[in-house]
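Only one chain is given next, in structure tokens, and it is the form predicted on its own.
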């Protein structure tokens, strides 16, 4: 099992690092590759099971895209039919679309894997708790961003929002799960916060576990959050 963490020298916001810290606990025998911004991605040589990219600043988004764009065709082919899972969280989600529109109306091309696009609204930050139906599961978490995305369709959507916001405040769709791409606006240690999802994720990458590290505590915390998310006085956004 080989897991590549892209550009952790830039992409390290909102506790997203917790996902890879948790995977290290789950898979102590796995090889974790940390590729810096100016390094050549290991997935280009094949034999990588997961490529992880997480939240970053808007300036960093453009730097990351400048590094990945030369490999766009390879990424597109791998995302469509490869065994490598691209797991993008937070505003890394926006990189799989067609473009990101800056505040002045100019655009920066994105990877073009899916027919979505993003509009920034800095300095207006958007915060929302998120409750998302994913298969038979309910995912809990939050988003904090300066942008919204548009164009997501149900055939590629990861899930449907049960409370909070989707890809934009008027959408009930959130994230992408299509081919070998799993991308979501959810930020933070998503795997730690959602132990049922963590089990699904490990099965998806071919590394199932009978029991997660600290599973009882994780389940207790999840059940408490689930109760909290149903409070009448809770403001989701």
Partner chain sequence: MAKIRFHLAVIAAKLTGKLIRLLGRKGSHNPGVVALKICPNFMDLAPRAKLVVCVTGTNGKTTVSNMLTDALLVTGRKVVSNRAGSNIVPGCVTNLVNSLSWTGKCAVDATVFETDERASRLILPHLKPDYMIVTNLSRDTLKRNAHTDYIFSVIDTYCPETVKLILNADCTCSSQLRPGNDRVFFGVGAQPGDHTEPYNLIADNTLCPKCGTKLQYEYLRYNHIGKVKCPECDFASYEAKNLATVIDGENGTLSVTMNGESARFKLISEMMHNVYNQMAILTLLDEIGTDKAMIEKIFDTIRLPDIRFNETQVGKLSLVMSMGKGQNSVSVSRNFDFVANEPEDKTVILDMDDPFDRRKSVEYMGWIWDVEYEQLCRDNIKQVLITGPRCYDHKARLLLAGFPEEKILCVMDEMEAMDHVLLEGVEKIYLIFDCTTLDLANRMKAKLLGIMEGKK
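Residue numbers count along the first chain shown, from 1. The structure displayed is predicted, hence computed values, not measured ones.
Here the subject shifts to the form predicted together with its partner chain, a form of this protein not shown in this document.
Novice: Given a 4.5 Å cut-off on heavy atoms, tell me which of 157 to 165, 122 to 130, 74 to 82, 107 to 115 is the interface stretch with its partner chain in the predicted complex.
Specialist: Stretch with heavy atoms near the partner: 122 to 130.
Novice: Decide whether residue 146 counts as a contact residue for its partner chain in the predicted complex under a heavy atom distance cut-off of 4.5 Å.
Specialist: Contact check for residue 146: yes, within 4.5 Å of its partner chain in the predicted complex.
Novice: Might residue 170 be said to contact its partner chain in the predicted complex, defining contact as any heavy atom within 4.5 Å?
Specialist: No - in the predicted complex, heavy atoms of residue 170 and its partner chain never come within 4.5 Å of each other.
Novice: Can residue 58 be called a contact residue for its partner chain in the predicted complex at 4.5 Å between heavy atoms?
Specialist: Judged by the heavy-atom cut-off of 4.5 Å, residue 58 is in contact with its partner chain in the predicted complex.
Novice: Is there a heavy atom of residue 69 lying 4.5 Å or less from a heavy atom of its partner chain in the predicted complex?
Specialist: Judged by the heavy-atom cut-off of 4.5 Å, residue 69 is well away from its partner chain in the predicted complex.
Novice: Pick from 192, 205, 64, 182: which has a non-hydrogen atom within 4.5 Å of its partner chain in the predicted complex?
Specialist: Contact residue from the list: 192.
Novice: Do all of 2, 178 and 198 end up near its partner chain in the predicted complex, with near meaning a heavy atom within 4.5 Å?
Specialist: No: no residue has a heavy atom within 4.5 Å of the partner.
Novice: Could you list the residues in 210 to 224 that come within 4.5 Å of its partner chain in the predicted complex, counting only heavy atoms and keeping sequence order?
Specialist: Counting only heavy atoms within 4.5 Å of its partner chain in the predicted complex, the contacting residues of 210 to 224 are 213, 214, 217, 218, 220, 221, 224.
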